[in-house]
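Just one chain is shown here, as structure tokens, and it is the form predicted on its own.
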């Protein structure tokens, strides 16, 4: 009799879990109903296009088979092999420069906006006359559309533009007016406008985080003799670490997939910013649509997505403790 009862224990436990799930669903039925439109929308906007992109990466999808679209000839891993090992692949041309530029661009822009955003957040967290007006004014670069930023800074970077006027004619930092839109200087011509536009958003996020830190902690640290730098290092940074972790991930992803500023600064859609200004997104767009190699372009996009998933994995392992503590 006891053996018979023990055999039925797993079944009873399983039925108990199912009953618990049914009870929770009944209790939260309205909440689940509200989630349904969001789930459907996310599937239409993200999941289905992503699955189509993965399928396209296994197809010979070019100008000759575009009419068939998802029914184009299946070529398996040929697109991936061509990108990795075939130097004649049109989509691969220039990708080495784009990968290098994207890595430099993403790292410097991410560090730049994080530092600028935190510095300005700490400044705007102080109590001074006109603080509300100053906070509003600081948001102006973020309000400007990225298209306008690209066009505006494109004119400013011209050899006879306002930037060279100040650097050469006013500050006398250079003997001659440098070219900013060609050669190695191009990478800075796209990094600086991106930092200029991006830091106000980080300022708002960090400012919200700073306002959650109780003033009593700083007062106690001051009484104990801790100077401002020690307070920043031992109080501000640890308290903001979860916010910094999340924004670090968002900025890396956003900067790796950056497109608008480069595309508009150099005109003609993606244009060609040169081997020191081309990013992954501009290169893939130009090469895929320019050569009608949509299968190879999809394969390159999927490879980039896999790399970014690995980055997310490394990021989660690095900040797992802080994230789980929230």
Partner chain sequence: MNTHRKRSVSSFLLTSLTWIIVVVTIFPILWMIFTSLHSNNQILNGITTFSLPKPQWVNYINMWDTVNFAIYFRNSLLICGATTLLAGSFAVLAGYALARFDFPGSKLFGMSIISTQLIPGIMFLFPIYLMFLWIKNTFGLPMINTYWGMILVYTAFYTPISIWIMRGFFVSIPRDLEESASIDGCTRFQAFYRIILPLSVPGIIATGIFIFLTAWDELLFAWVLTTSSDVQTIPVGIRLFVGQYNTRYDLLMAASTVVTVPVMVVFFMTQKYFISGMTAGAVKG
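Note that the structure is a prediction, hence the values are computed from the model and not measured. Positions refer to the first chain, counted from 1. Under this definition, the rigid core comprises the largest set of C-alpha atoms superposing within 1.5 Å between the forms.
Keep in mind the form predicted in complex with the partner chain is missing from the figure; the text below concerns it.
When contacts are defined as a non-hydrogen atom within 4.5 Å, none of 192, 194 and 276 contacts the partner chain in the model of the complex.
Out of the listed residues 233, 174, 165, 74, 165 is the one that sits within 4.5 Å of the partner chain in the model of the complex by at least one heavy atom. Checking 111, 134, 220, 81 against the partner chain in the model of the complex, a heavy atom within 4.5 Å turns up for just one residue: 134.
Shown alone here, residue 64 lies farther than 4.5 Å from the partner chain in the model of the complex, counting heavy atoms only.
Not displayed here, the partner chain is approached by residue 205 to within 4.5 Å at the level of heavy atoms in the model of the complex. Interface membership of residue 120, defined by any non-hydrogen atom within 4.5 Å of the partner chain in the model of the complex, is confirmed. Residue 178 falls outside the set of residues with a heavy atom inside 4.5 Å of the partner chain in the model of the complex.
Of the candidate stretches 101 to 109, 182 to 190, 81 to 89, 122 to 130, only 122 to 130 has residues whose heavy atoms lie within 4.5 Å of the partner chain in the model of the complex. Along 134 to 164, these residues reach a heavy atom to within 4.5 Å of the partner chain in the model of the complex: 134, 136, 137, 138, 139, 140, 141, 142, 143, 144, 145, 146, 147, 148, 151, 152, 153, 155, 156, 158, 160, 162. The Cα shift for residue 38 between this form and the one not shown, taken after rigid core superposition, is 2 angstroms or larger.
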